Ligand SMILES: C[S@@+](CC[C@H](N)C(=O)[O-])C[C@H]1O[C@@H](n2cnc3c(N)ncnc32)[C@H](O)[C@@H]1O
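Before any questions on how it binds or moves, here is one chain, the form predicted on its own, in structure tokens.
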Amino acid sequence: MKNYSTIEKKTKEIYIEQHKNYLKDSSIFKRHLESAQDLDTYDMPAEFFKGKSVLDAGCGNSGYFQVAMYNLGVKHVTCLDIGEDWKPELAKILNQHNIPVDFCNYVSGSTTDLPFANESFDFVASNGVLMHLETVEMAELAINELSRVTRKGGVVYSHIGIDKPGIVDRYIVKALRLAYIEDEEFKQFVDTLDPEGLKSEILEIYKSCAAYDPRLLDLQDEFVSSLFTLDTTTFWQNMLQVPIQQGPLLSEDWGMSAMSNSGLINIRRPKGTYWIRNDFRRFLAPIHYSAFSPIAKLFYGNGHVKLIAEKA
């Protein structure tokens, strides 16, 4: 059995717990599912997926990608991640969505050392894995592995990193991650974040100050409650708890170069989909999506990099 690093094991432990929220709040699962089965995500025609063999490298236990592939007509999905504890969690969520047991198989392994023969799959996907590897060199190795196990004429899709990061990723996220590491009180707050408790406390604060500013009474409980959900909790913990976040180092140029060096061609960045949020981020999603806008570029840069390419 492969000995995984402390970073690898910690990252997997964190994501297993976070992904359990996809079972608790169906809106989180639905949001990811809609993106994963939207053809704009891949810049590929619907007929491409019919009857294909797929690898989900670094699958986690969220399950939405497997359900999306089933809905797109894929023949079979091989799910790969490190360790064993994600397997029953993934099987549980796939069973909840009535995915046939034999549609997926579960394999322990790492994206940097895939336990498969050359040219084993028609479509190889890796969603949000590379940016959490320990070094850029490991990310390059992972792309080589994704390419190696893809059949000639097949396709590789990967969520690489963040291109030309804006103020949010260069300063705000960086500062919050540093605070999580250095400030024990803030770490405790993030680790135990509870949307119901957060909503209750904020509402109590607003009501206690309404004597000074009566406009605060116009903020209805329902509106304030809609700003903080289980999705909010998952978002903050996803951003801050994971040990490594090197997304800003993995730009579009880096990804295109790494894919080209691994023998992939026709490398491109799909249009992507609009993410409909169910918390305070619904007010930020239009700005994040509108990359043409000066204010969007200032805060979000050129956005997250998701690349698709073909095996020569």
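The first residue of the shown sequence is 1; numbering continues from there. Since the structure is predicted, the reported quantities are computational estimates derived from the model, not experimental observations.
This protein has a second form, the form predicted together with the named molecule, left out of what is shown; the following refers to that one.
In the model of the complex, residue 109 approaches the named molecule with a heavy atom inside 4.5 Å.
Looking at residue 19, you'd find a heavy atom of it within 4.5 angstroms of the named molecule in the model of the complex. When contacts are judged by a 4.5 Å heavy atom cut-off, residue 132 counts as touching the named molecule in the model of the complex. A residue is said to contact a partner when one of its heavy atoms sits within 4.5 Å of a partner heavy atom; residue 60 meets this definition for the named molecule in the model of the complex. This chain is displayed alone, yet in the model of the complex one of 232, 127, 241, 147 has a heavy atom within 4.5 Å of the named molecule; that residue is 127. None of 82, 193, 94, 74 but one reaches within 4.5 angstroms of the named molecule in the model of the complex through a heavy atom, and that residue is 82. Residues 8, 11 and 15 are all found to lie within 4.5 Å of the named molecule in the model of the complex, as judged by heavy atom distances. Partner contact region in the model of the complex: 74 to 82, out of 149 to 157, 185 to 193, 224 to 232, 74 to 82, criterion any non-hydrogen atom within 4.5 Å of the named molecule.
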